[in-house]
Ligand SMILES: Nc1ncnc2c1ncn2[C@@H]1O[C@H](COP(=O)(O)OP(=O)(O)O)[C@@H](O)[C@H]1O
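The chain that follows stands alone, in the form predicted alone, written as structure tokens.
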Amino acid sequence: MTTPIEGLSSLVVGTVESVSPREFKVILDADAPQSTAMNAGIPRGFPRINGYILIPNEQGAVVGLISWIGIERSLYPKRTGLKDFGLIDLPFPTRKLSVVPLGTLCRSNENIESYELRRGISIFPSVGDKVCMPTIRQLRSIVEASGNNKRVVIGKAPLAENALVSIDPDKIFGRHLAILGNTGSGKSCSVAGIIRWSLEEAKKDRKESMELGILPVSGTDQQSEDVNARFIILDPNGEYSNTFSDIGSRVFKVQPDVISEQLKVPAWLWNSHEWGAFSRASSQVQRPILSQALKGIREGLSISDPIERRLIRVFKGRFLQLGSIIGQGPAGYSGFPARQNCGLLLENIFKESEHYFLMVSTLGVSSTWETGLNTLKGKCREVIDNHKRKEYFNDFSEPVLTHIHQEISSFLSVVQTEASIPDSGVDADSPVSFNIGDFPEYLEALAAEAGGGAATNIQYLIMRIRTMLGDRRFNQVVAPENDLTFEEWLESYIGKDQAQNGPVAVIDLSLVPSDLLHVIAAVISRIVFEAVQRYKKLNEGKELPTVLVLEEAHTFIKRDIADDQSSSASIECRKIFEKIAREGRKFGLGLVLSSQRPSDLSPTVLSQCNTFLLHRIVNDRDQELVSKLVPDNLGGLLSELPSLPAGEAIIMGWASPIPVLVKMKELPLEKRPESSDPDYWNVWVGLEERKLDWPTIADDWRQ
């Protein structure tokens, strides 16, 4: 009968030769296994890259990951004892390993027969310490028992006797997940699989809880088993339309079919930044007028309003314009052409003050309004006379402009008080619906009323908006005929109470015009983010767990490059995702990124991802970037990324205490995203038929 000591000695395979915080060097014994180990209970491959070894100590055993295997020429065989020493001087091969320290394997406090892995090492080994192969139980403990609440199985570890690799959904979704890999490496299946397996396990757990009486049973059996989950997938390639049809998905497309609905992101949902990005409005003149127009049309104002509303509309616009100039600092009111634009604005304020002073005097509306307009007119005249030389202006100073800004504010306050017009609380960014068809005319009339060069400066912006409204592709998305309320939009795209309309929303962006793509993605993501923020605010600090999945993330979150010619819409899109990456966790909004070009992604977003699932990555730049995202002592583990087969990946980070090579579970063919490689050969030789009808395609294209 084998004693424990004898059992342990049979697992010894080598000796520690050198120790550093980042790497250990191990010399294998001459009689250590060379390809297959028979002394570990069952036949097992050893040594193997990404295999595990143990170095026993007083706390348990240091766990190391094999990162390099090589041979050193020695003058004599390094056997136990000193016999034969010096009797032979022929070169003798000695095998060596490089080992990356991962953590400490200790006996479990709850069960002496089991083990638990603790990340980090407090006691490092010393030179000469014995190196052992882990037993089957220890090997499985390293992979399976590393962490609590690992409820969802995503695959097996081929180098750990096919131990099950599980994840904790709270960790993997709560602190953002990045799934990276080249085309064809299996990342789309991983995205779909992790979502599906998580929902299936949640449904199973819910059903068991109801059977045990932990949860009450309500509604039909099917309704009782439905999980209250929310996954929103932004799908630029149209891969996921059929992927979740069996578990209750909502699919939104530009051109809907029998399984999908019309994608609707009405223009009244856009805020002023998104409008400005889409229309490419300039910051000095166009954006203030655009913001004023959005606020006015959301409030239901029109150009033919009574005198008090016209005063508020006109001088509110000037207040915003002057505030924008002051906010820019000296760049807004000194130097050419900034000082000229500032001077022209003051002249417009002077002319409008004079015009409405005469109108108020004639109508006899209010002496207080007359006094306010007369004071404002005099201040503007004084500043203009002090700074104008012929038709040009000298530089202005901030105190002078701030004084006029305060005069406008005081006048507006008087008009609102006397006319008993309460502040509506609606601003340029409020999600209040309006008729988008009326917006260009309202904007044009507002610019004409503003006078000066405003009407000319705003024409390009108006042309962009009218072009959008004249394009049927745009209209289908941003100006749907049967408009929906804001509440209906939230229920459709984020989900109803208890996820009654399904846990997954797939937003197919494949046919969205390129001019509109980044704006649509930014609007949807911003509203989801603000929705979970407001939910937490109104529900005593409780979060609404929601996951935003971004397929082909490099399309939406391009890194900021100097002298980049990216559109302002692309920049706006990147900014909202950077904000979600930084702040989403606090409000229960998780982010899942899938990309084949990590080097093109925003570093801000990638740095906020705490878990990585890395498939095959071949590009040098992408490999270099990924290696910088992991701790220094683990960077070398990623050198095998170029050689990973499809369907295998390395999971590492917050959701996995140690890096694990995992062979992902396979999805049935009908549940996979539509991202398989084209079948060229079978089409070429006629085994698969492809009929071509260009007239039908052309007709669909034209319409």
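Note that residue numbering follows the sequence shown and begins at 1. Bear in mind that the values here come from a model prediction, so they are computed numbers and not experimental data.
We do not show the form predicted together with this ligand, though everything after this point is about it.
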| property | result |
| --- | --- |
| Asp31: touches this ligand in the model of the complex, heavy atom cutoff 4.5 angstroms | no |
| Non-hydrogen atom contact Glu666 with this ligand in the model of the complex at 4.5 angstroms | yes |
| Residue contact check: Gly186 to this ligand in the model of the complex, 4.5 Å heavy atom | yes |
| Contact label in the model of the complex: Pro659 to this ligand, heavy atom within 4.5 Å | no |
| Option from 667 to 675, 650 to 658, 49 to 57, 62 to 70 whose residues, in the model of the complex, bring a heavy atom within 4.5 Å of this ligand | 667 to 675 |
| Answer option from Leu638, Ala646, Ile27, Ala37, heavy atom within 4.5 Å of this ligand in the model of the complex | Ala646 |
| Residue (of Ser599, Asn457, Asn182, Ser324) lying close to this ligand in the model of the complex, criterion heavy atoms within 4.5 Å | Asn182 |
